[in-house]
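Below sits a lone chain in structure tokens, taken as the form predicted alone.
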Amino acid sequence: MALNVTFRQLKVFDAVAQHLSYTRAAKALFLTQPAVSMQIKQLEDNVGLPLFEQLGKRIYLTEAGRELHNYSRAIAQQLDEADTVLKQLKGVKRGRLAVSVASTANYFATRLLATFSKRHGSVTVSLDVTNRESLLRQLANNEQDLVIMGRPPADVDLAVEAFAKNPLVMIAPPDHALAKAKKIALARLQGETFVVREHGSGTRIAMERFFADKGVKLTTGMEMNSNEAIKQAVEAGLGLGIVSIHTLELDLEAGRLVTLDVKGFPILRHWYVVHRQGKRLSPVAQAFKEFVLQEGSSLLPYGLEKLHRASG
């Protein structure tokens, strides 16, 4: 017998499965909790299997719930694509753009979005600034229109296009013993302590790969989950740091930090605009992607040329 399931039930089910909470799902859907519970009860009756189980005060998806969640997400994606196609056929010029960016990219992401918004005044933009792990989860779940980040893993089915260089530089307080040294050998750094990003961050991965390739073992001290925290720790004399040059514009100009002239630096990475492979972008998302690819590099706050002038 075919399932007698409504789109409304699937939408409510997807919200509960995502939040694993009837209360939070009800809040997200602007419904009452009893209304959500009723929709789930009707759906379970139609399916003939329990979709959730409660252990203590928490609820979990059952095996049937996990299977149905996979299908409900696929159905929702198909409906979103159908909506996009129909809007394109209507020639809709307004819409919503949902972008997520790596925390390091936040130093220029607002500039990109502000410039784009001025040209497309009818577009509503939402920006989520988060860490690499969360970005990869959002991409896996197809939650956002576009993501701006460092190089994502090659084994994930993504459309990835570079739009700007992202040099990683080594920073120190202005009074550090190496602040005015030239062509510092990597071996001289082995006695230094480094303030580093958390495990899994793009900067941490690139840093560890670089020094491992050079056969250099660094001493790591404090571990931070933001670039601002790293810069403040370095300024306070707690160690050296490695950050994207695009996070340093104000700090270098104010003389709070300096970049060290280390052999092999900067570590050259890139910024990428990313989305799921095969994703049908809305007209607004497609326009923003093209804008980033064509003009994104020119809107970044600080580049290698400025660095050379500042350090010269």
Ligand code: PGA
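Everything numeric here is computed off the predicted structure, so don't read it as measured data. Heads up: residue numbers just count along the shown sequence, starting at 1.
Although not depicted, the form predicted together with 2-phosphoglycolic acid is the subject of the following passage.
Per the 4.5 Å heavy atom criterion, 2-phosphoglycolic acid in the predicted bound form is contacted by stretch 268-276, the sole one of 28-36, 281-289, 268-276, 251-259. R132 belongs to the set of residues with a heavy atom inside 4.5 Å of 2-phosphoglycolic acid in the predicted bound form. For G239, no non-hydrogen atom is located within 4.5 Å of 2-phosphoglycolic acid in the predicted bound form, even though that partner is not displayed. For the chain shown alone, L146 is not a contact residue for 2-phosphoglycolic acid in the predicted bound form, no non-hydrogen atom being within 4.5 angstroms. Proximity of S100 to 2-phosphoglycolic acid in the predicted bound form falls outside the 4.5 Å heavy atom cutoff. Highlighted residues Q9, Q42 and G65: none comes within 4.5 Å of 2-phosphoglycolic acid in the predicted bound form, counting any heavy atom. Within 4.5 angstroms of 2-phosphoglycolic acid in the predicted bound form, the stretch 198-216 places a non-hydrogen atom from each of S201, G202, T203, taken in sequence order.
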